[in-house]
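Given as structure tokens, the chain that follows is alone and in the form predicted alone.
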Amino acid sequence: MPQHLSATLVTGVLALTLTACGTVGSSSGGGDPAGAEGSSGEYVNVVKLTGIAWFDRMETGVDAFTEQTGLAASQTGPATADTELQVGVIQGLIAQRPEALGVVPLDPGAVENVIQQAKDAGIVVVTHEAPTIQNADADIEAFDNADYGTKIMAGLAECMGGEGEYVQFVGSLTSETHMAWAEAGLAAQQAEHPGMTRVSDPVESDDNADTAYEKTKQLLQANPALRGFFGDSSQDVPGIGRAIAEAGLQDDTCVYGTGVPSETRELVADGSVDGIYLWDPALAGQAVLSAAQIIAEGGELSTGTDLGVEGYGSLVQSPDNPKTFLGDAALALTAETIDDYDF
């Protein structure tokens, strides 16, 4: 299996006919090409929470942005997955007047107001994992979210032979991308694999592997026939896999979902986890700040824009939201390929 998916997950939008909103940039109310008055000139990336492998990896992309451009850049976020805390972090940064903010919101709807506050202060704002965002200058996605959820379901369904009970985990019911993946996966299952049954609504893990672990144990006890697990948060799969390993159910279950190689390598090797899907958070972080730089310097994003980052070399404007741009950065890893990645 190749390291990168053999076929792009971004489909059906190559023939976009752009409207008057076909480009996003200086005309959207973002940064002044010369920089906002009183700006510190810094680029800051605000993540959902600090201290987990996914966002530790993203920070290396922020550092790479600095190395590539010579511009000051840093990363911050709340210590726990709490929307109010994240809003507070952003409000504190507005007072410092950075040139631009990258934001990976826990709840995109809940940050719309504070993003507008940043924009009103002359700060460029580019989001990630927020494809319906309205107040940001732009949103950068690694791929089409519906295709990603469908891909996870395809792996799970193949492993389960298209039969049996399964459950879906999300970090939060307010996580726009997690819910999009879950809904797309469910739709694909219902259309293509009628022999499978989802046993409940999506289960929240709070982006916490320990929570996913405990809830997996509870689900296994309550549903003895449960065979499939579909995890959306990068913390779901490690927690699920640990519960499967402890129960000795590696040969009786199928576990697929978003994951980080460093956190899932051993679980994939022993069969507790069957496959992970992801995009490199470092490249995403670098791409978000690169998009922000283009806008801050008076440029525009449009279909075909090259951010100079692998997987983001030819953006496609979303047909659903003109502020959202899709890359082609998805990865699917199994026991045969996971060791090719060192993060």
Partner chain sequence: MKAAGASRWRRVAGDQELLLLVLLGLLLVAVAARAPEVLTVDTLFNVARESMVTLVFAVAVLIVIISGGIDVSFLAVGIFAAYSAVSLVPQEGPAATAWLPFAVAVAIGVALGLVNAAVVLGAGVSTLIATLATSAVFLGVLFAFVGGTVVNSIPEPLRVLGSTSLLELPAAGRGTTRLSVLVLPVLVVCAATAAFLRWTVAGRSIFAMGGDREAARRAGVAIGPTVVLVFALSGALAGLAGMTHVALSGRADPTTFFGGELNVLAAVVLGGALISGGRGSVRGTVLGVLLITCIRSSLIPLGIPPVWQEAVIGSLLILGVVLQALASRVKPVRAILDPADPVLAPAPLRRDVVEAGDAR
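Remember, it's a predicted structure, so these values are computed and weren't measured experimentally. Positions refer to the first chain, counted from 1.
What follows is about the form predicted in complex with its partner chain, which we do not show.
Candidate site formed by V44, A121 and A282: none of these residues places a non-hydrogen atom within 4.5 angstroms of its partner chain in the model of the complex. At a distance threshold of 4.5 angstroms between non-hydrogen atoms, F143 is out of contact with its partner chain in the model of the complex. Its partner chain in the model of the complex is approached by R242, whose closest heavy atom lies within 4.5 angstroms of it. The shortest heavy atom separation between I52 and its partner chain in the model of the complex is within 4.5 Å. Put simply, R227 is close to its partner chain in the model of the complex: some heavy atom of it is within 4.5 Å. For the candidate set T132, Q190, T80, Q116, a heavy atom within 4.5 Å of its partner chain in the model of the complex is found for exactly one residue, namely T80. For the candidate set A269, L249, A72, A110, a heavy atom within 4.5 Å of its partner chain in the model of the complex is found for exactly one residue, namely L249. Stretch 211 to 219 is the contacting one of 211 to 219, 124 to 132, 91 to 99, 151 to 159, since its residues have non-hydrogen atoms within 4.5 Å of its partner chain in the model of the complex.
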